[in-house]
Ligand SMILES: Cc1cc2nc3c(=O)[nH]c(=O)nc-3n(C[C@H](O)[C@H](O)[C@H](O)COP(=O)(O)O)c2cc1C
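One chain follows as structure tokens, the form predicted alone.
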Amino acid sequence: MTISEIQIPHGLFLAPLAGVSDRTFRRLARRYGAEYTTSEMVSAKALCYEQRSHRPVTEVRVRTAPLAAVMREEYPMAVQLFGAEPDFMAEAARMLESGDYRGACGEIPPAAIDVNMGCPMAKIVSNGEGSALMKNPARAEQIVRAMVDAVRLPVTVKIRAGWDRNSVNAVEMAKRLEQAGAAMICVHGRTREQMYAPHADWSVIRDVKQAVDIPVVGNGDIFCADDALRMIEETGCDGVMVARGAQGNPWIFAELTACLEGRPYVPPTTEERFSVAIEHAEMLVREKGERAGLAESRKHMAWYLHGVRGAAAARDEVMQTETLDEVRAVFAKIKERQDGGLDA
């Protein structure tokens, strides 16, 4: 599939995941076959306000801009903005395209700018942002139109099925966004009310695909290659976006690639999984410092332990670690206890 002129051979996307899909996570996903990644959510308003301080750059603590950094090795990668005001969204989009803003530390502009209309978290929707925009299609259309008018980069959008069971309006929303100039739509097959359960309704993805001419990417409940194949067959979507299925399992993209190419897939051994888990922690420490890096790594370490015999106790041990050496020691001890690997 293509987004504007961006080629995505197998249509394999890593989802934007707040507090998860940082550069380290994206690098590992790409190593194993993710073809297109997206940043964590970036607040358009916060990005704009960081630029308006009259104090010297050295005196301003810039927190938002680094989240939008794109390195050459990450291309194609989108930066995802969230917000509910067209002017701020357009202004932030212009900054991302130019790379000329306080705190900018990326090497290249993003391949596209994605608009978050799917986040269900209360602190986001309480401001009319994220999936709250599913209740306001006219405002959503204004936001995308303002951004498309402001930049040459493709503008893409991630939406949900709707706000609740009584307002499943993804098709209406997708049509409006296409008319506003969106280059691609990603559809999560749940309403905001459903959050992340029960099972995603893939029929909504199918209906959106049939209603618009731009590429449609499906999202929701992709945990293995069979899930991806079924989604493609049932919906006709142009690509699949993996979210929770990639947590502790960057190899899912290797599995998906092998399946789509008709090749056998050999999953990683316990030793390989643990080796990458430790590497992940080490990369986070290099990127963020030992204190912040270790704090960030603990949830990832717990995900890597999914399916391991005695996983609950192992996770408790990992959560108590305070140094990289302790992380390494815990995984070495867990490996010794495995006696043959992972539980089914």
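This structure is a prediction, so every number in the text was calculated from the model and none was measured. Residue indices: 1-based, along the sequence shown.
A second form of this protein, the form predicted in complex with the ligand, is not displayed here; the remarks below concern that form.
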Worksheet entry | Heavy atom within 4.5 Å of the ligand in the predicted complex - the one residue of Met89, Val204, Leu177, Ile222 that qualifies | Ile222
Worksheet item: Which of these residues, Glu317, Glu50, Glu40, Glu35, gets a heavy atom within 4.5 Å of the ligand in the predicted complex?
Response: Glu40
Worksheet item: Has each of Pro16, Arg190 and Val242 got a heavy atom lying within 4.5 angstroms of the ligand in the predicted complex?
Response: yes
Discussion item. Partner absent here, but in the predicted complex, which of 142-150, 168-176, 105-113, 213-221 has residues with a heavy atom within 4.5 Å of the ligand?
Written reply: 213-221
Fill in: Contact test in the predicted complex: Tyr75 vs the ligand, heavy atoms, 4.5 Å
no
Discussion item. Does any part of Tyr265 reach within 4.5 Å of the ligand in the predicted complex? Heavy atoms only, please.
Written reply: no
Worksheet item: Can any non-hydrogen atom of Asn249 be found within 4.5 angstroms of the ligand in the predicted complex?
Response: no
Worksheet item: Using 4.5 Å between non-hydrogen atoms, is Gln80 touching the ligand in the predicted complex?
Response: yes
Practice prompt. Select from 154-176 the residues with a non-hydrogen atom within 4.5 Å of the ligand in the predicted complex and write them out in sequence order.
Written response: Lys158
